[in-house]
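In structure tokens, one chain follows: the form predicted alone.
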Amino acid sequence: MIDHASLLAVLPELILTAGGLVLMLVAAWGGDASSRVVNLLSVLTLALAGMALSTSLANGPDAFDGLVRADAFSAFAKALIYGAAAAAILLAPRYFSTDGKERPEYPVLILFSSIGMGMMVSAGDLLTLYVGLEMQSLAAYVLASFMRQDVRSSEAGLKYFVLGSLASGILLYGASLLYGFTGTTSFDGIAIAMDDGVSKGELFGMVFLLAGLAFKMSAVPFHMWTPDVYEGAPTPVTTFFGSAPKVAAVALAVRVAVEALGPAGLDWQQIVIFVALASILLGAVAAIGQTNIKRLMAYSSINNVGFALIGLAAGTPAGVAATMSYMAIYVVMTVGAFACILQMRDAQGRPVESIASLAGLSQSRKGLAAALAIFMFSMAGIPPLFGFWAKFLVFDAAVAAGMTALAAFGIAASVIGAFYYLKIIKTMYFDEPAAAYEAKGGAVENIILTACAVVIVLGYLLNPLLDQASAAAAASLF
């Protein structure tokens, strides 16, 4: 019989499930006319789920006999996921209404994807891990191909589905190998089994499992879907893909590495170090020649995941705390940058995605150019912006763990990455003006990008709060 405490531990997921089902019926009965109402109610549902996190924490870390973890780590990750999901919903109406394609299914799909992501970061067992991951992925495949009449969107959805299915198969094969050689699917049980040494079967299972997770966080060499899907999917969907699922995948990889594969630290650290270095290098170099800003943001996300994984590679509580702090700052930078990209519209209000179209933006839209410059400088890690602090934390954790060479490589590669961020700023401020954008931006986009820019500029005031929250999250895993 399911106990009361277990149900309270998954209260955020229960709220999202109930909200998603009710709003799906509202969308079915109300049709496209109900889009705005469903949008607002979806954001409200995410806010209620966020408030329920304190209730789920109060009932102890384990629920459903260890299948689910309701600890400080999952609460931290879920807060980021729900915030990013709410932003992706709020940014969508103006984009979809341009072509009269506003659909109430969009926020409902994000709610269901958020349930899956919540299960991912709370997983205490390979079964919960897989169910959560698939629930998140199924909604994401539909979101990628959301604009059915658009060839690019349909192609993005198909590519994501085919490659995502392959990655799920790889992950499932790794999970089955770990179960076969350890005799359990529980993270705690796997860790106990590996205490006596890691067998070849367990090692292969670990490699396949981490390969599947690397695909979900779009880390090299499993990044091949990212640029095409980011470019082809509708921009609000790309905003979502670049933030919430990224947090869920990185948080899940951290939990699996620390809780399930802890005794095999020396084995998985080598994999994580390779993936981190390859992601940083490819993300920096491949973005240089991009002409589409969404493709550039795709390579930027690959680059940023590499930096975040440096914290995990350290394998210490400080390293995990640095990774979670990095993801929190990364979400703010990404949502803010995409709020700017959503304002890239020609005089007729149609979306524009070329970097060349930003030329002379500092003259026609001073506020938008300043905000985008803040996000680009921050992603490049230029002090005193908050993005610098994110990189400093992971490098500091790596040096403290004796990985000075890894930190040095990361610092050197961040200089390469700074080139393409600075190229955008140079285009906006120094190039000959291109055709002017639409004179006025959307109110919601302006509010979100202003709020994100303020956080990036004044973020150091939040440092005590962020450090305390990320340290508590990391401590709950060790």
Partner chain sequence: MDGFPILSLMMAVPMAGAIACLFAGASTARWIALLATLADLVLGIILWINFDQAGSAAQWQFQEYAPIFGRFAWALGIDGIALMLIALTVFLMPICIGASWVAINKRVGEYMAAFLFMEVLMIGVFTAQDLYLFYIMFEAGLIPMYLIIGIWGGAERIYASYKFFLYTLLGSVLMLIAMMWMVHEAGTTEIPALMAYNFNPHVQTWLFLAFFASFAVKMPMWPVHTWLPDAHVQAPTAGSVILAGVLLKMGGYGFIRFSLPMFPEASAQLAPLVWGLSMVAVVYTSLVALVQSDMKKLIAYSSVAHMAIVTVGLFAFNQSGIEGAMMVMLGHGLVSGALFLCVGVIYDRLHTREINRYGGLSINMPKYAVLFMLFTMASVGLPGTSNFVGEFLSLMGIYQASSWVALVCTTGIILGAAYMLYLYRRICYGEQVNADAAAMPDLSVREIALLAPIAAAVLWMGVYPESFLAPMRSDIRALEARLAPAAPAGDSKIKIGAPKPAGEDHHEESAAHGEAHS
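Positions refer to the first chain, counted from 1. Please read these numbers as outputs of a predicted model, since none were measured by experiment.
Here the subject shifts to the form predicted in complex with its partner chain, a form of this protein not shown in this document.
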Quick one: which of 407 to 415, 36 to 44, 434 to 442, 62 to 70 gets within 4.5 Å of its partner chain in the model of the complex, going by heavy atoms?
407 to 415
So its partner chain isn't shown here. In the model of the complex, which residue out of M194, L393, M297, M206 has a non-hydrogen atom within 4.5 Å of it?
L393
Which residue among V131, L172, L282, I382 has a heavy atom within 4.5 angstroms of its partner chain in the model of the complex?
I382
Each of A79, F96 and F112 within 4.5 Å of its partner chain in the model of the complex, by any heavy atom, yes or no?
no
With heavy atoms only and a cut-off of 4.5 Å, decide whether R350 touches its partner chain in the model of the complex.
no
Test of understanding: in the model of the complex, would A400 fall inside 4.5 Å of its partner chain by heavy atoms?
yes
Should L422 be classed as touching its partner chain in the model of the complex when contacts are defined as heavy atoms within 4.5 Å?
yes
Do W389 and its partner chain come within 4.5 Å of each other in the model of the complex, heavy atoms counted?
yes
Using a 4.5 Å cut-off on any heavy atom, which residues of 455 to 474 would contact its partner chain in the model of the complex?
Y460, L461, N463, P464, D467
